[in-house]
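Okay, here we've got a single chain as structure tokens, the form predicted alone, with questions on binding and movement later.
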């Protein structure tokens, strides 16, 4: 097999892969900065942390809203992609569901700056909410289905309803030190188990 032809063909592909990886690194960095400093953190800080020039960020994301939307979508995608992975690697579907819900809670609680954005009245962000549900509800449904088939949980649980319930348990968690949303969510997930007669 002639490696040289392969290499030239792959050069374009690996360049694209690098570009995608760089953009992922940038979005991860921006997410981390948003978590610690809020979504209004200076873009300068994000550029410095990611080791790129300001121009690079503005070339990809001309406005702050563009950057926030990209970060948010990236986080939603990561949460969605984790579902099947957890299902494949966890000791049981119920365990996978619990771990996935924990990621979802991370999203809601630690990324509160991003969650707050969803409540703003910018129409760009309305589409995000739909994206969030379109991507995550089916993953949650898949995990619930697997746990139901395994006989671990009761069969009448709706994915949207569960996610909505978890979301409600997370409201205000970051502003009340006496309230532990994760503990309440754990109780909720434990409560899905099929009662043993």
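Numbering follows the first chain given and starts at 1. Note that the structure is predicted; figures quoted are calculated from it, not measured.
The form predicted together with a further copy of the same chain exists for this protein as well; it is not shown, and the discussion that follows is about that form.
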Original post:
Going by a heavy atom distance of 4.5 Å, is residue 55 a contact of a further copy of the same chain in the model of the complex?
Top reply: no
**OP:** Check whether residue 48 has any heavy atom within 4.5 Å of a heavy atom of a further copy of the same chain in the model of the complex, and answer yes or no.
**Re:** no
Original post:
Just to confirm, residue 164 within 4.5 Å of a further copy of the same chain in the model of the complex by heavy atoms?
Top reply: yes
Original post:
Does residue 131 make contact with a further copy of the same chain in the model of the complex, using a 4.5 Å heavy atom cut-off?
Top reply: no
Original post:
Looking at 43, 149, 171, 35, which has any heavy atom no more than 4.5 Å from a further copy of the same chain in the model of the complex?
Top reply: 171
**OP:** Using heavy atoms and a 4.5 Å cut-off, decide whether 180, 184 and 190 all contact a further copy of the same chain in the model of the complex.
**Re:** yes
